[in-house]
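First, one chain by itself in structure tokens, the form predicted on its own.
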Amino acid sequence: MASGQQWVLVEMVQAFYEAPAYHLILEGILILWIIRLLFSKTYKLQETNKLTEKEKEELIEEWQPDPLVPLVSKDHPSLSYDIVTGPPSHKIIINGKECINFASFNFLGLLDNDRVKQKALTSLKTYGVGTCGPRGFYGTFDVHLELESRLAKFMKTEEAIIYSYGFATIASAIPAYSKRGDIVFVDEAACFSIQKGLQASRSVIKYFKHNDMEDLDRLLKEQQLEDHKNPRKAKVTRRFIVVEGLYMNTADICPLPELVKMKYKYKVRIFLEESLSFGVLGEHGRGVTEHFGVNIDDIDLISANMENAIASIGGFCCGRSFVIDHQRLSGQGYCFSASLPPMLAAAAIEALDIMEEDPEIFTVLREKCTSVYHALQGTPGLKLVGVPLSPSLHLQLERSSGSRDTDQRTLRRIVDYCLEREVALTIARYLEKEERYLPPPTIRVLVTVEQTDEEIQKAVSCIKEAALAVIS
């Protein structure tokens, strides 16, 4: 036993002599550091002197809290409202003045339609005003199920689901499917409700340039390379493309056929937001899929609000049954908000009846959109933004002053000039500090089927006259 221990000691001494110098130096430093830690003195925290009551009171009086919200001047544009009296239909009364309405999203003129109002009134007498409960807690009425069935039939999909708030529709649908670790490719011009849905999903967001399919293809190729490097992670990562059919912020149409090709090439899912294109594009108003002749089954999820063409409230999603049913368990706006008031659901059903009975209404709308688009060309000092088929066009300053507030005030003077001459327009509003890509200030011009050729000509002449007077 003693000889064994002696042999081990000899080996240790021999190893010590054979070890490199840097190795010995490093071990020596570590040993010295350990010894220092073991024998160093512990230091007590300095005791703080207790304050007297008088000193406490003085500190409290001196303390000034930060404001809960940033200070905003009282003349901020968002704090000054134009007051509407009566229905915002073909003619609208603003601040006591009757004007031609180019400021409301009442594209098909159904907001003040007698049939729609009568249907809503009958439903009001039958069901009452609201529902006072989410869909899963005695908030599902027979009229809700009828509306969902009618929407699915109209869009030629297996199933539809309705929400009581248009903004919450896509904002709830995105996080119902896309979770942390999933990847979403989204157009940088996406509207604010899409942005909120992306934020709630906590997914990896990759923005591509607006309607730039080459930029999207580049991002998808980069992701494909990443997936090849880590196939195990790629198997559990879902990938989505989120676009708008007709963009709210730019008034142009997404290149859907190219997006569908990329979907199958790179194995991604497409979510299509159609709040502006539903009831507008396509021979029967079914949106951008009908406009391009794309099979609706190629789109994984379609969402739209019912607050524009249908002139009701709320929104809907439609698609395959297994996709839609998932939202009934995971769509936050569906699960936790009180359901759509029955009278508004009944009004939406009647609006669908009118759209199905009179498909010519969409031809009329397209003709008026094209007429307004061409008439607004060449407006002095203003650039027209959008496509001829869009019922929501933007007028942007050709030359910005460099100050967003100054540009907005200039556009507001044009709007006020037109308002004095009985033409109602509106400035596009944004939450400036929260927008991912803040659009420039614009005047929004909205087209409806009720506007006559004479009224369109009057509005266009008024806008050009106002631009000449204000900008020149």
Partner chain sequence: MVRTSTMVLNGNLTVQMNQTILQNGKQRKNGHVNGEKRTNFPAAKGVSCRQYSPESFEQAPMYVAVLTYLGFGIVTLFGYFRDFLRAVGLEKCHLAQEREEQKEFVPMYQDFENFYTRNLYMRVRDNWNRPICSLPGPAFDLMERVSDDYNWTFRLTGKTIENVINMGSYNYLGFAENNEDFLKTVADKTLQYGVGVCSSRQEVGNLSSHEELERLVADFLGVESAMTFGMGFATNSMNIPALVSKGCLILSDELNHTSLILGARLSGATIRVFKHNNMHSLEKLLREAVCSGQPRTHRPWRKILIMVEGIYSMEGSVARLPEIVALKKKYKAYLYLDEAHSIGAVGPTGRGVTELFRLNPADVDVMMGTFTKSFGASGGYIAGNKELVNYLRSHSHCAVYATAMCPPVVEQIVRAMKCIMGVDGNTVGIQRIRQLAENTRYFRSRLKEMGFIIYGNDSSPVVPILLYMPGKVVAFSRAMLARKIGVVVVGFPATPITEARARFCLSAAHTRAMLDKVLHHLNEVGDDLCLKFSRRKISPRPSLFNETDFELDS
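Heads up, when I say rigid core I mean the largest set of C-alphas that superpose within 1.5 Å between the two forms. Just so you know, these numbers come straight off a predicted model, no measurement behind them. Residue numbers count along the first chain shown, from 1.
Although it is not shown, the form predicted together with the partner chain is what the next lines describe.
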### Task
May I ask you to check whether Y247 falls inside a 4.5 Å heavy atom distance of the partner chain in the predicted complex?
no
### Message
At 4.5 Å between heavy atoms, is F185 in contact with the partner chain in the predicted complex?
### Response
no
### Task
Indicate whether the partner chain has at least one heavy atom within 4.5 Å of a heavy atom of S390 in the predicted complex.
no
### Message
in the predicted complex, is there a heavy atom of the partner chain that lies within 4.5 Å of any heavy atom of K206, even though the partner is absent here?
### Response
no
### Query
With the partner chain left out of view, which of E148, E290, E307, E350 would have a heavy atom within 4.5 Å of it in the predicted complex?
E307
### Summary
Note: exactly one of L124, I354, M213, L219 sits with a heavy atom within 4.5 Å of the partner chain in the predicted complex, namely L124
### Message
Which is the contacting stretch out of 148-156, 355-363, 369-377, 315-323, given heavy atoms within 4.5 Å of the partner chain in the predicted complex?
### Response
315-323
### Task
Could you run down 134-156 and flag each residue that has a heavy atom within 4.5 Å of the partner chain in the predicted complex?
P134, R135, G136, F137, Y138, T140, F141, D142, L145
### Task
Could you check whether the CA atom of S403 moves 2 Å or more between this form and the one not shown, using the rigid core for the fit?
no
### Query
Any chance the CA of E434 moves 2 angstroms or more between this form and the one not shown, core superposed?
no
### Message
Would E58 count as moving between this form and the one not shown, using a Cα shift of 2 angstroms or more after superposing the core as the test?
### Response
yes
